[in-house]
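Quick heads-up: it's one chain on its own, the form predicted alone, in C-alpha cells.
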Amino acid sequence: MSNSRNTFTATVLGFPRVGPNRELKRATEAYWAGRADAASLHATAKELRTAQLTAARDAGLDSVPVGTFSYYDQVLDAAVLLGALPERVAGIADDLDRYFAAARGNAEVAPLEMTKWFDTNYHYLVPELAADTAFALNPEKPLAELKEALALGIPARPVVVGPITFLKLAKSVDGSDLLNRLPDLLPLYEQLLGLLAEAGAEWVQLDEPSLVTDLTEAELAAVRSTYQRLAAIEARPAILVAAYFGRLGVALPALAETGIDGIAVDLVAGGDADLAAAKSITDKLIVAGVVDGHNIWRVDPDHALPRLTELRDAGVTVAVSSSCSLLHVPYSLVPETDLDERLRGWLAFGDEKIAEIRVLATALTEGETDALASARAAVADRKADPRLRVEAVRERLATLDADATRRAPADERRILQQERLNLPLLPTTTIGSYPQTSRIRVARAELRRGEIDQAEYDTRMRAEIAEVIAVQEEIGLDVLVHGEPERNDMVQYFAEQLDGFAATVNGWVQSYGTRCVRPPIVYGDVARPAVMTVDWITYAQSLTSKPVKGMLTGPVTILAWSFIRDDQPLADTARQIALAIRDETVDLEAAGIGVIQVDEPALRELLPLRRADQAAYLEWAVDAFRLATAGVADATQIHTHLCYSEFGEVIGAIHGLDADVTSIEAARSHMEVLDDLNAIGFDLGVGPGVYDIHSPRVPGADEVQKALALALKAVPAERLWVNPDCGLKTRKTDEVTASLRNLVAAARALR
C-alpha cells in the first residue's frame, strides 16, 4: 500500500442484527405495543451488538464492522445521520418515535416508501429529497457504536452508506437531479470522517453497492471526484469503499485512481472481470469477497483460494471477506439439528462463513489446513448426491412445447370469466392472507411441540377459515380468500411439500423492520408429490356462494425467497418449480375453483443489476409464470400480485405474464405505476393497492375513494379492481376490519 496505515486480513462487510432468536424483533414490537420502554429496547440492542462483535473478534476477524446494527433499516439510518428525514415527521419530539414514524407511519404520518435492496429480499426505506433539502450531520449513532466497540477491545471499522449510493437510492420529490446535491452532502461526510478519526477509528467502510449498476458518465465522474475529495482529508481513517451484488466494471479503475485506501469487491456475484482488474491495484487493500454472503453453501476452496493467491502473487495486499453483508443469511447452523445430515454438511450460515473466512486467510498466509480438506469433501459429496438430478422431472420438462404457455387472448377470456363469476363493477378483494391471530400461533406452537396432533390442528385452522369467510361476507367483499391460517410463510409452506427443498428451524433472515422470514433451501430437482392447497381452498369455497381465490406462490418468488442451488442456471430451477405449481392450478380448477392467484411479488427482485443481463432474465421469468398458469381453461381467472419494487424496469414483463388481474403495490407511491402500465398499452385487469398495509393507519373511506378516483384516470372501470396493496398477515384484526369496511364503502360509492 502507498501509506503506512494498518491493514487487516479477514473481515465481513456486515452482520445480521435481529438476534439469533429474533430478540430485537420481540423487543421492538413490545416497544411499539407499549409493553416495554425505550430503555428496555436499547438494552436488548446493546446485548445483541456486544455478543455479535465479540464473537466475530474471537473467531479471528481482525477488522470488525460496526454501525451495521439498525433498529429498522440502514438507509433510514443514513437519512437520520444526514438530517434528511421528511418534514412531516419533524414535529415528533422523541428521536426514536420520529425514526419509527418515518419507517412505518402512525395515525397522523405516512411512512417513507419501501422497496427492495438491489436484488435481495431485504427492503429499504426510500429517502425523500429535493433541491432544497437542508442536510445536517447527526453523528451520534456511529460515534456511540464505535465507542462501545472500542471499549470491548474490538478492532472496529465503522460502516456508513456512501454518498453516491445514498443519492441514487433516494427519491427526488421535486424532479430535481439528486446527483447535484453532492456538493451539499460531501461536507457532512468530511466532518463525519474527522469525528470518527478523533474517536479512534483506523478504518471506515463506505458502502457503495450502487456502483455495481450501470453508471452514466456523470455518475462515474462523481465517483472519481467524491472519493478524491474524501481521500484528501488530512485527519481521517483509512477509507474502504465496499461494493457488492455484482461487478464493479468501470467503477473499479475509477476508484483505483483516487486516494482511498481499500476497495471491497464481490468476487462471487462479480465474476472474474473484477478479479483481473484488481490484480493491477497494488497501492490499496483489496478486500476480496470470495465467501458468499448472499447464499448458504459452503465455500469451494478450489474456487476461492486460487483467486486469492492470484491477487497476492500479483503484489496486491489482500484481505479475505464475505461478498456482501451477512445480513442476508441466518446466524448459525447450530440449531438446525433436524436437517438431513448430508445436506447439513454442505451448508454454511453466518457463524460458519466467518470461520471459512478465517480458514482461507490462514491458508493464504500460512498454507492449507485440515479445514480445507473438510470443505473439499463437502463440495464433492454435494456434487455426487442423486437428489440433485431427477431424470423424470427433466424428461417431462424437455417434452413440453410452446402450447404449454399459451391461453386465448385476454378480451376473450374476460367475457368467459365474467359469465362464470358475475362480478360487479370495481370488484373488491384482498391479496390473500389475513391476520395471524394468537390462536393460530398457539396452535402452530402446540403442533410443533407435539401437544396436539395434525387432525386437531387442521380442525382449528378450519375454524379460522370459517371465521375469515364470515367476516368477508359481512363486510361485503366480492372475491374472498381463505386467509391462509395454515401457512407459516408464503414460500416455506410450499417448499415443505415439494421434493428438492428443505426447511430450517431457526434460519431467520430480516426482510424489513421486524419482519423476518425463514428462506427454504433448494438443493435438488423439484417436483410436487401430492396436492398442496386443494383441501383448504375447497373447504373455504363450501362456506360461501361467492368465489374464493386459490392462493399459490409463483415460481420466480419461490426461487427468489429461497436459498437457491448454485450448480445450475436459475432458469432451469424456475421451470421445475413452475411445473409443480402448474399441477396445483390444474387440480384447483378440477375441484371447482374459478379464481386462482399465483403471486409474483419478487419478479423485480431477481432482475439483474446490469441492463445487458436483464432481457434474458425477464424472458425466462415470464415463461416460468406462464408455464405455471397456462394449464387451466380460459374461464378460470388467473390473478397475480406484485409489491414493493420499482416496477418501471419490468413493466413489459408484467404485461407479458398475461395474468387476467394484476394487483400491485401503489399506495405509498401514489399510483405512479399506472402511468408506466398505460405507457405500454396494458389491457388486463389491475388492482392498484388503495391503502398501505405496512402501516397501522386505518384509511378513511374518503381517502380510499380519492385513491380510486386517481386510479380511474388511468384505468377504465371495467378493468379496475379494489384491494389493499399487500397481504394482511402482519396486521391486527380490528385494523383490517375497519380498513376493509372503508374500502368496500369507497368502491360502492364510486359504482
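Counting begins at 1, following the sequence as shown. Here the structure is a predicted model, which is why all the values come from computation and not from measurement. Rigid core: the largest C-alpha set superposing within 1.5 Å between the two forms.
There is another form of the same protein, the form predicted together with ligand GLN; it is not shown, and what comes next is about it.
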Item checked: ligand GLN: the contacting residue among I638, V290, A574, M551 in the predicted bound form [heavy atom, 4.5 Å] -> M551
Next item on the list: Go through G162, P601, P555, G507 and name the one with a heavy atom inside 4.5 Å of ligand GLN in the predicted bound form.
Entry: P601
Check: Counting only non-hydrogen atoms, which stretch in 75-83, 430-438, 222-230, 464-472 is within 4.5 Å of ligand GLN in the predicted bound form?
Finding: 430-438
Margin query: in the predicted bound form, does each of E484, Q597 and C643 have a heavy atom within 4.5 Å of ligand GLN?
Written below: yes
Note to self: Test of understanding: in the predicted bound form, would V722 fall inside 4.5 Å of ligand GLN by heavy atoms?
What the structure shows: no
Note to self: Against ligand GLN in the predicted bound form, would C726 count as a contact residue? Criterion: heavy atoms within 4.5 Å.
What the structure shows: yes
Check: Hey, in the predicted bound form, is A170 touching ligand GLN, heavy atoms inside 4.5 Å?
Finding: no
Next item on the list: Check whether L498 has any heavy atom within 4.5 Å of a heavy atom of ligand GLN in the predicted bound form, and answer yes or no.
Entry: no
Notebook entry, point to check: Under a superposition restricted to the rigid core, does P142 display a Cα displacement of 2 angstroms or more between the shown form and the other one?
Noted result: no
Note to self: Tell me whether L61 is among the residues that move between the shown form and the other one (Cα shift of 2 angstroms or more, core superposed).
What the structure shows: no
Notebook entry, point to check: Is the C-alpha displacement of N488 equal to or greater than 2 Å between the shown form and the other one once the rigid core has been superposed?
Noted result: yes
